[in-house]
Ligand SMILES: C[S@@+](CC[C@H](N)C(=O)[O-])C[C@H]1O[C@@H](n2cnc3c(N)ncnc32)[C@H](O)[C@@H]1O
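Given next, in structure tokens, is a single chain: the form predicted on its own.
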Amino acid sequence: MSGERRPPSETTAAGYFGGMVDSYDSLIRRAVPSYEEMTARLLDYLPADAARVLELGCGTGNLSLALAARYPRAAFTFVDAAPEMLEVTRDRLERAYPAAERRSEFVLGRFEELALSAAAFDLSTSSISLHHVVDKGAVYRALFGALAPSSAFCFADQLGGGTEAVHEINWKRWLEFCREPGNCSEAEIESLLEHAAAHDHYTPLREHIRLLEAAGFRSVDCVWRNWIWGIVTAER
């Protein structure tokens, strides 16, 4: 995002989120407008069936649990760069969906460094994680190779505006939402701004579409959007 900027943080994105694992679920609902709606809409656009599912950036497992419920016989690979997040997701799955947890692999690492086997998955998905990646084109190419034919890649993320003016409006509206009573404190907003300045890389929708199509994906669409947040779907 542009808008208000702060000096870069010295921590990594993984360290930032790993250090807030206990407060993450509360903060994300207070800092992301329509978070629950976005998650529900993302699920709406996932394929009806998938036997092998890859989630990039599982965080504390909010989407992970929904995936386990939607695909009760699937094998899952959950990826996150923060070990604390992976542990929380594993624990939540073990309590809520023990059979799914036993069919799951938990991978610690950055998306850019994953070694993915060819045609290993029927679905790849992600929620509010890809904006930490600088070279999204390389990740999209790797995902295209890791997905089987007739599979899907669907993600929710923070998107750059098509123009600087549009981006500034979206940024301003987000900060207004954060400052609504009961949402974020000024200290939390300051922390979010510092993190964004240091670690976030917002890509406009048009560029996402170009990169996805260049990687080989087809039928790319933006199926939902709310200010800087949007859902993008693509077919392999």
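Residues carry their position along the shown sequence, with the first being 1. Every value quoted in this text rests on a predicted model; they were computed, and no experiment measured them.
Quick note: we don't show the form predicted in complex with the ligand, though the next part is all about it.
By the criterion of a heavy atom within 4.5 Å, residue 14 is counted among the residues contacting the ligand in the predicted bound form. A residue is said to contact a partner when one of its heavy atoms sits within 4.5 Å of a partner heavy atom; residue 141 fails this definition for the ligand in the predicted bound form, lying far away. Put simply, residue 90 is far from the ligand in the predicted bound form: not one heavy atom of it is within 4.5 Å. Using a 4.5 angstroms limit between non-hydrogen atoms, residue 136 is distant from the ligand in the predicted bound form.
Contact with the ligand in the predicted bound form, judged by any heavy atom within 4.5 Å, is made by just one of 152, 146, 75, 81: 81. The candidate spot formed by 35, 109 and 128 is fully in contact with the ligand in the predicted bound form: every one of the three has a heavy atom within 4.5 Å. Only one segment in the set 161 to 169, 97 to 105, 67 to 75, 120 to 128 has any non-hydrogen atom within 4.5 angstroms of the ligand in the predicted bound form, and it is 120 to 128.
Residues of 52 to 71 that come within 4.5 Å of the ligand in the predicted bound form, judged by any heavy atom, are 55, 57, 58, 59, 62 in sequence order.
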